[in-house]
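This document opens with one chain alone, in C-alpha cells, the form predicted alone.
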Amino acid sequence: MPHPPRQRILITGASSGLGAGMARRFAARGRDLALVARRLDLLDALRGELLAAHPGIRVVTAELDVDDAAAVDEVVPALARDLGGLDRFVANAGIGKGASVGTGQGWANRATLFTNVLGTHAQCEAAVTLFREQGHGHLVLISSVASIRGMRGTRTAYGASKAALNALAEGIRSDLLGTGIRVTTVLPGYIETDLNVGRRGPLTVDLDTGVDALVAAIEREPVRAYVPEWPWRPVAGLLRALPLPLVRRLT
C-alpha cells in the first residue's frame, strides 16, 4: 500500500555524519526539518546552509542530549509544535565507543550501551507518544549490520546495543500493527563516518553513497532495510550462517 508523504521530519544526531547527510537529502526534497544534537553550533550552521540552498523549507533546531530522557520528553513535543506536527522521526543519535570486555574500559562500553539503548528508547517513547496522538507517523531506528552476530573488540558493546534496537523496533512494530504508524529498522554496513573510524572493513562506502542509500531506504518505509542493499543483505545472511570462529576472522 502507498504511504502518505512525510513532510515534517525530525532527525536526532543531526550535527554531522549520517544525520547531517540525511538532513541535506530531505531538504533537497523540500521537506521541513527538526534537527537535534548536542552540538548546537554545528546544527545552526547546518540550518543556515539548508535554508540558503532551499529557502522554501522550514528548519528548526534544538540542543539535545538523548541520554537525558526528561529533556527528550520536553524537546520533541516542542519541535513538533513548531512544525505543526511530525510525520517521521529518525532515531539516529548514537555513539561508537568500546573495547574488549574485561580490558579496563568498561566505562566506554557502558556509555555506548546507555546512549544507544536507553537514549534510543527515550526517543521512541517521545516519538510514539506523539504519533499515537496524531494517529499516524513513521518511526525509523538506525541500527547496524554489527547487530547480526556478536563481534569482538571495539564492536562488542556497539553490536549488542544495536541488537537491542532491532528487538525494540520489532516490539513497537508489533504493538502498532493495524494503526497508521509504521516502524522501520535500518541496518547500515560500513559507511565512512566519524563514528566508525578504526572499524571500517573492505566493503566500506563513502558518506555520500551511504547517505543516498539510507534516504532511499527510509523513503520506501520497509520493515527492515540493509544499507547499501548490495552487498549488505547477502553479507547479513552469510553472517547468520557462519560459525563463530569464521565470523571472528571476518569481523
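As the structure is a prediction and not an experimental result, all values here were calculated from the model. Residue numbers run from 1 along the displayed sequence.
Note that the form predicted in complex with a small molecule isn't included here; everything after this is about it.
Requested in this report: Using heavy atoms and a 4.5 Å cut-off, decide whether A14, G17 and I191 all contact the small molecule in the predicted bound form.
Outcome: Every listed residue reaches the small molecule in the predicted bound form, so yes.
Query raised in the report: If we take heavy atoms and a 4.5 Å cut-off, which stretch out of 129-137, 81-89, 172-180, 154-162 is in contact with the small molecule in the predicted bound form?
Result: Heavy-atom contact with the partner occurs in 154-162.
Query raised in the report: Counting only non-hydrogen atoms and a 4.5 angstroms cut-off, does R224 reach the small molecule in the predicted bound form?
Result: Result no; R224 lies far from the small molecule in the predicted bound form.
**Report entry** the small molecule contact in the predicted bound form: I95, any heavy atom under 4.5 Å
**Finding:** Contact check for I95: yes, within 4.5 Å of the small molecule in the predicted bound form.
Query raised in the report: With the partner left out of view, is R38 within 4.5 angstroms of the small molecule in the predicted bound form by any non-hydrogen atom?
Result: Result yes; R38 sits at the interface with the small molecule in the predicted bound form.
Requested in this report: Indicate whether the small molecule has at least one heavy atom within 4.5 Å of a heavy atom of N109 in the predicted bound form.
Outcome: No, N109 is distant from the partner.
Query raised in the report: Among A34, L64, L50, I218, which has any heavy atom within 4.5 Å of the small molecule in the predicted bound form?
Result: Only one listed residue qualifies here, and that residue is L64.
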